[in-house]
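First, one chain by itself in C-alpha coordinates, the form predicted on its own.
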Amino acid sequence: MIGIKSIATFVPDGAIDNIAQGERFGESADFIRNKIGARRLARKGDDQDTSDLVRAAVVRLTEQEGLAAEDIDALIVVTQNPDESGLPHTAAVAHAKLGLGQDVAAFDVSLGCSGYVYGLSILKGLMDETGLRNGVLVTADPYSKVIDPGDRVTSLLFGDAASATWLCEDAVWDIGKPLLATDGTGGDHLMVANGLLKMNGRQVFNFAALRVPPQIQAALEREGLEPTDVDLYCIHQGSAAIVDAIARRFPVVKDRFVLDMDGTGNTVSSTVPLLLASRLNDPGLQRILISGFGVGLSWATSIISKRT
(Lines give C-alpha, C1' and ligand atoms only; values in the text may rest on other atoms or scores of the structure.)
Protein backbone atom coordinates (compact mmCIF):
# COMPACT_ATOMS: atom_id res chain seq x y z
CA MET A 1 0.00 0.00 0.00
CA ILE A 2 1.30 3.43 -0.97
CA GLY A 3 2.13 5.72 1.94
CA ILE A 4 4.55 8.39 3.13
CA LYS A 5 8.18 7.34 3.39
CA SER A 6 9.79 10.68 4.29
CA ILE A 7 9.70 14.44 3.76
CA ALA A 8 12.45 16.94 2.93
CA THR A 9 12.07 20.70 3.05
CA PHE A 10 13.76 23.75 1.64
CA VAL A 11 13.57 27.20 3.23
CA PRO A 12 15.45 29.92 1.30
CA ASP A 13 18.21 31.82 3.10
CA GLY A 14 16.64 35.20 2.43
CA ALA A 15 14.25 36.63 5.01
CA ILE A 16 12.32 39.69 6.13
CA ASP A 17 12.39 40.85 9.75
CA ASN A 18 8.65 40.84 10.33
CA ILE A 19 8.76 42.79 13.58
CA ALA A 20 10.59 45.62 11.81
CA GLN A 21 8.14 45.36 8.94
CA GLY A 22 5.24 45.45 11.38
CA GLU A 23 6.54 48.69 12.88
CA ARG A 24 6.38 50.21 9.42
CA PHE A 25 2.66 49.43 9.39
CA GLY A 26 2.15 50.62 12.97
CA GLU A 27 1.86 47.10 14.39
CA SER A 28 3.47 46.13 17.71
CA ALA A 29 5.93 43.31 18.28
CA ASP A 30 3.28 41.59 20.43
CA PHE A 31 0.84 41.65 17.53
CA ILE A 32 3.41 40.09 15.19
CA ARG A 33 4.35 37.39 17.70
CA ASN A 34 0.91 36.53 19.04
CA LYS A 35 -1.52 37.20 16.20
CA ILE A 36 0.57 36.73 13.07
CA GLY A 37 2.92 34.16 14.60
CA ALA A 38 5.97 34.87 12.43
CA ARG A 39 8.89 37.07 13.40
CA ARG A 40 10.70 36.05 10.20
CA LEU A 41 9.29 35.64 6.69
CA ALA A 42 11.39 33.42 4.42
CA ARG A 43 12.09 34.86 0.98
CA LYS A 44 13.46 33.30 -2.18
CA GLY A 45 16.24 35.10 -4.00
CA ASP A 46 15.56 37.31 -7.00
CA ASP A 47 17.36 34.72 -9.12
CA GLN A 48 15.17 31.86 -7.89
CA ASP A 49 11.90 30.86 -9.52
CA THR A 50 9.33 28.32 -8.37
CA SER A 51 11.05 25.47 -10.23
CA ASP A 52 14.29 26.26 -8.39
CA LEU A 53 12.51 25.79 -5.06
CA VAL A 54 11.09 22.52 -6.39
CA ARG A 55 14.53 21.36 -7.45
CA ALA A 56 16.09 22.29 -4.12
CA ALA A 57 13.47 20.35 -2.14
CA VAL A 58 13.76 17.25 -4.35
CA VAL A 59 17.57 17.34 -4.21
CA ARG A 60 17.40 17.39 -0.43
CA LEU A 61 15.05 14.42 -0.54
CA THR A 62 17.46 12.44 -2.70
CA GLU A 63 20.52 13.44 -0.68
CA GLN A 64 19.07 13.03 2.81
CA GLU A 65 16.46 10.30 2.51
CA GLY A 66 18.06 7.78 0.16
CA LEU A 67 15.79 8.16 -2.86
CA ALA A 68 17.76 7.87 -6.10
CA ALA A 69 16.73 10.46 -8.68
CA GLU A 70 16.64 7.78 -11.37
CA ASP A 71 14.02 5.89 -9.36
CA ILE A 72 11.50 8.76 -9.33
CA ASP A 73 8.62 7.93 -11.65
CA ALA A 74 6.09 10.58 -10.63
CA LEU A 75 6.54 14.26 -9.80
CA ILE A 76 3.56 16.40 -8.79
CA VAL A 77 4.05 20.08 -8.03
CA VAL A 78 1.41 21.91 -6.00
CA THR A 79 1.61 25.60 -6.89
CA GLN A 80 -0.47 28.58 -7.92
CA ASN A 81 2.59 30.71 -8.62
CA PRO A 82 4.36 28.77 -11.36
CA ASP A 83 7.38 29.74 -13.43
CA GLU A 84 6.62 32.55 -15.87
CA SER A 85 3.07 32.11 -17.21
CA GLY A 86 2.76 28.49 -16.14
CA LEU A 87 3.33 27.22 -19.68
CA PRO A 88 5.13 24.86 -19.69
CA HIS A 89 4.04 23.55 -16.33
CA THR A 90 6.50 23.97 -13.47
CA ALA A 91 6.80 20.22 -12.92
CA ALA A 92 8.17 19.89 -16.46
CA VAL A 93 10.65 22.73 -15.91
CA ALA A 94 11.80 21.16 -12.65
CA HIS A 95 11.95 17.74 -14.33
CA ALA A 96 14.53 19.14 -16.74
CA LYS A 97 16.52 20.89 -14.00
CA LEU A 98 16.62 17.65 -12.01
CA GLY A 99 17.70 15.62 -15.04
CA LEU A 100 14.96 13.04 -14.54
CA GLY A 101 14.24 10.32 -17.09
CA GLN A 102 11.45 10.45 -19.65
CA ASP A 103 9.38 7.68 -18.04
CA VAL A 104 8.14 10.09 -15.39
CA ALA A 105 4.62 11.42 -14.87
CA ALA A 106 5.08 15.13 -14.11
CA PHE A 107 2.31 17.68 -13.72
CA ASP A 108 1.12 20.62 -11.63
CA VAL A 109 -1.85 20.88 -9.28
CA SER A 110 -3.29 24.39 -8.97
CA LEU A 111 -4.26 24.48 -5.32
CA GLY A 112 -3.16 26.70 -2.46
CA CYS A 113 -3.28 26.06 1.28
CA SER A 114 -5.33 22.86 0.98
CA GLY A 115 -3.00 21.54 -1.71
CA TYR A 116 -0.87 19.20 0.38
CA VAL A 117 -3.81 17.15 1.63
CA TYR A 118 -5.32 17.08 -1.85
CA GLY A 119 -1.95 16.27 -3.39
CA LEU A 120 -1.31 13.26 -1.18
CA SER A 121 -4.60 11.74 -2.30
CA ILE A 122 -4.00 12.56 -5.96
CA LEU A 123 -0.51 11.05 -6.01
CA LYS A 124 -1.49 8.00 -3.97
CA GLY A 125 -4.45 7.33 -6.27
CA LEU A 126 -2.29 7.73 -9.37
CA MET A 127 0.32 5.34 -8.02
CA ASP A 128 -2.25 2.78 -6.92
CA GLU A 129 -3.86 2.88 -10.37
CA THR A 130 -0.73 2.81 -12.51
CA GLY A 131 1.77 0.82 -10.47
CA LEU A 132 4.26 3.67 -10.20
CA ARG A 133 6.77 2.94 -7.44
CA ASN A 134 8.30 6.19 -6.21
CA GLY A 135 6.28 9.36 -6.34
CA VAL A 136 7.33 12.78 -5.10
CA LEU A 137 4.79 15.40 -4.06
CA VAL A 138 6.30 18.88 -4.05
CA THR A 139 4.75 22.02 -2.59
CA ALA A 140 6.22 25.33 -3.76
CA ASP A 141 4.11 28.47 -3.84
CA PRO A 142 6.26 31.59 -3.42
CA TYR A 143 3.72 34.31 -2.71
CA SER A 144 6.53 36.86 -2.69
CA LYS A 145 6.05 36.90 -6.46
CA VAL A 146 2.60 38.49 -6.07
CA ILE A 147 2.75 40.38 -2.78
CA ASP A 148 2.42 44.15 -2.75
CA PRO A 149 4.99 45.33 -0.15
CA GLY A 150 2.68 48.20 0.71
CA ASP A 151 -0.25 45.91 1.56
CA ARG A 152 -0.31 45.39 5.32
CA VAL A 153 -2.73 42.44 5.16
CA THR A 154 -0.62 40.17 2.96
CA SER A 155 2.95 41.41 3.42
CA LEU A 156 2.98 40.53 7.13
CA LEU A 157 1.84 36.93 6.58
CA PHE A 158 3.44 35.06 3.75
CA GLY A 159 6.82 33.40 3.37
CA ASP A 160 8.47 31.22 0.73
CA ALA A 161 9.38 27.54 1.18
CA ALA A 162 9.11 24.17 -0.51
CA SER A 163 8.72 20.55 0.51
CA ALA A 164 9.17 17.18 -1.16
CA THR A 165 7.29 14.12 0.14
CA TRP A 166 8.31 10.62 -0.94
CA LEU A 167 5.44 8.19 -1.48
CA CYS A 168 6.08 4.49 -2.02
CA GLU A 169 4.99 1.04 -0.85
CA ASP A 170 7.87 0.70 1.63
CA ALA A 171 6.37 3.52 3.66
CA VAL A 172 6.28 4.50 7.31
CA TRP A 173 2.91 6.30 7.39
CA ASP A 174 -0.41 5.30 5.84
CA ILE A 175 -2.55 8.04 4.27
CA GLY A 176 -6.20 8.09 5.26
CA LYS A 177 -9.03 9.00 2.92
CA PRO A 178 -9.43 12.78 2.93
CA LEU A 179 -12.49 14.92 3.36
CA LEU A 180 -12.46 17.55 0.61
CA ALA A 181 -14.54 20.70 0.25
CA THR A 182 -14.83 23.84 -1.87
CA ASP A 183 -16.78 27.09 -1.74
CA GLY A 184 -16.03 28.93 -4.95
CA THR A 185 -18.39 31.75 -4.01
CA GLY A 186 -15.71 32.95 -1.61
CA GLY A 187 -12.94 32.93 -4.18
CA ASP A 188 -12.62 36.70 -4.29
CA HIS A 189 -11.66 36.79 -0.60
CA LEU A 190 -8.15 35.60 -1.55
CA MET A 191 -7.10 36.16 -5.12
CA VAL A 192 -4.58 37.71 -7.49
CA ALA A 193 -5.81 40.75 -9.40
CA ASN A 194 -3.61 42.71 -11.78
CA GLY A 195 -0.64 40.64 -10.71
CA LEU A 196 -0.98 41.35 -6.97
CA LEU A 197 -2.39 39.31 -4.11
CA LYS A 198 -5.56 40.63 -2.49
CA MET A 199 -7.01 39.21 0.71
CA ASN A 200 -10.03 39.99 2.83
CA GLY A 201 -8.44 38.94 6.10
CA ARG A 202 -11.62 38.99 8.17
CA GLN A 203 -13.54 36.84 5.70
CA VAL A 204 -10.71 34.32 5.39
CA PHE A 205 -10.41 34.12 9.17
CA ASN A 206 -14.15 33.58 9.56
CA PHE A 207 -14.13 30.90 6.87
CA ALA A 208 -11.35 28.98 8.61
CA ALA A 209 -12.85 29.34 12.08
CA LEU A 210 -16.33 28.24 10.97
CA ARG A 211 -15.69 25.61 8.27
CA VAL A 212 -12.55 23.78 9.37
CA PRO A 213 -13.48 22.54 12.88
CA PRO A 214 -16.62 20.71 11.63
CA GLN A 215 -14.54 18.98 8.96
CA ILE A 216 -11.94 17.96 11.54
CA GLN A 217 -14.74 16.59 13.72
CA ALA A 218 -16.23 14.74 10.75
CA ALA A 219 -12.85 13.18 9.93
CA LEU A 220 -12.53 11.92 13.49
CA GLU A 221 -16.05 10.53 13.53
CA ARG A 222 -15.64 8.78 10.20
CA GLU A 223 -12.68 6.86 11.62
CA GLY A 224 -14.45 6.19 14.90
CA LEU A 225 -11.93 8.29 16.83
CA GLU A 226 -12.13 10.61 19.79
CA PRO A 227 -10.03 13.80 19.66
CA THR A 228 -7.66 12.25 22.23
CA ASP A 229 -6.99 9.31 19.87
CA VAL A 230 -4.96 11.68 17.66
CA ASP A 231 -1.47 12.45 18.94
CA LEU A 232 -0.88 15.63 16.96
CA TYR A 233 -2.89 18.09 14.90
CA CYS A 234 -0.83 19.62 12.09
CA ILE A 235 -3.11 22.18 10.48
CA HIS A 236 -2.33 24.93 8.00
CA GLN A 237 -0.34 27.73 9.59
CA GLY A 238 -2.44 30.57 8.24
CA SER A 239 -1.60 32.70 11.28
CA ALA A 240 -1.24 32.19 15.00
CA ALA A 241 -4.73 33.61 15.47
CA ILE A 242 -6.30 31.14 13.04
CA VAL A 243 -4.55 28.13 14.56
CA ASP A 244 -5.66 29.24 18.01
CA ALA A 245 -9.27 29.81 16.91
CA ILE A 246 -9.51 26.29 15.49
CA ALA A 247 -7.68 24.66 18.41
CA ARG A 248 -10.04 26.28 20.91
CA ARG A 249 -12.90 24.30 19.34
CA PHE A 250 -11.19 21.17 20.67
CA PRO A 251 -10.35 22.19 24.26
CA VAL A 252 -9.42 18.68 25.47
CA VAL A 253 -6.60 18.47 22.91
CA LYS A 254 -5.88 22.16 22.36
CA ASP A 255 -2.23 21.66 23.31
CA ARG A 256 -1.84 19.06 20.54
CA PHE A 257 -2.41 21.66 17.81
CA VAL A 258 1.02 22.66 16.53
CA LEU A 259 1.99 26.28 15.99
CA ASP A 260 5.40 26.51 14.30
CA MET A 261 5.66 29.31 11.75
CA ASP A 262 7.86 31.78 13.63
CA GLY A 263 10.81 31.44 11.26
CA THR A 264 8.99 31.10 7.96
CA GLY A 265 5.55 32.71 7.94
CA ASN A 266 2.55 31.29 6.10
CA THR A 267 4.14 29.22 3.32
CA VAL A 268 0.79 28.26 1.76
CA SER A 269 0.76 24.58 0.68
CA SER A 270 4.11 23.98 2.40
CA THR A 271 2.99 24.71 5.97
CA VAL A 272 1.68 21.22 6.75
CA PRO A 273 4.65 19.28 5.33
CA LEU A 274 7.02 21.68 7.10
CA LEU A 275 5.32 20.67 10.35
CA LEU A 276 5.42 16.98 9.50
CA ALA A 277 9.02 16.82 8.31
CA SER A 278 10.49 17.35 11.77
CA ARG A 279 7.94 15.16 13.54
CA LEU A 280 7.36 12.00 11.51
CA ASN A 281 10.28 10.23 13.17
CA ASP A 282 9.01 10.89 16.69
CA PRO A 283 8.50 7.38 18.16
CA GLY A 284 5.72 8.66 20.40
CA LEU A 285 3.47 9.62 17.50
CA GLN A 286 1.12 7.05 16.02
CA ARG A 287 -1.66 9.14 14.49
CA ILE A 288 -1.56 12.71 13.08
CA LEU A 289 -4.45 14.75 11.70
CA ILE A 290 -3.55 17.10 8.86
CA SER A 291 -5.76 19.87 7.53
CA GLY A 292 -5.25 22.58 4.93
CA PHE A 293 -7.57 25.47 4.13
CA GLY A 294 -7.54 28.74 2.21
CA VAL A 295 -7.60 30.02 -1.35
CA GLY A 296 -10.51 28.72 -3.37
CA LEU A 297 -12.06 28.72 -0.90
CA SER A 298 -10.93 25.16 -0.34
CA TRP A 299 -10.38 22.92 2.68
CA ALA A 300 -9.23 19.35 3.18
CA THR A 301 -8.56 17.07 6.15
CA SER A 302 -7.02 13.63 6.49
CA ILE A 303 -5.46 11.40 9.15
CA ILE A 304 -2.14 9.66 8.66
CA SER A 305 -1.22 6.64 10.80
CA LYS A 306 2.12 5.01 11.51
CA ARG A 307 2.47 1.48 10.22
CA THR A 308 2.99 -1.25 12.78
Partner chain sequence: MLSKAQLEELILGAGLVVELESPIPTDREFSDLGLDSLDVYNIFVEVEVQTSIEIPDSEIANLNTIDNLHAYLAAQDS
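Positions refer to the first chain, counted from 1. Bear in mind that the values here come from a model prediction, so they are computed numbers and not experimental data.
The form predicted together with the partner chain exists for this protein as well; it is not shown, and the discussion that follows is about that form.
- With the partner omitted here, the residue from 179, 209, 105, 232 that has a non-hydrogen atom within 4.5 angstroms of the partner chain in the model of the complex is 209.
- The partner is absent here; in the model of the complex, the one residue of 130, 203, 110, 217 having a heavy atom within 4.5 Å of the partner chain is 203.
- When contacts are judged by a 4.5 Å heavy atom cut-off, residue 277 does not count as touching the partner chain in the model of the complex.
- Within 4.5 Å of some heavy atom of the partner chain in the model of the complex lies at least one heavy atom of residue 35.
- Within this chain, residue 59 is remote from the site of the partner chain in the model of the complex, having no heavy atom within 4.5 Å.
- Although the partner is absent here, residue 249 sits close enough that one of its heavy atoms falls within 4.5 Å of the partner chain in the model of the complex.
- Here the chain stands by itself, but in the model of the complex one stretch of 263-271, 241-249, 277-285, 44-52, 241-249, has heavy atoms within 4.5 Å of the partner chain.
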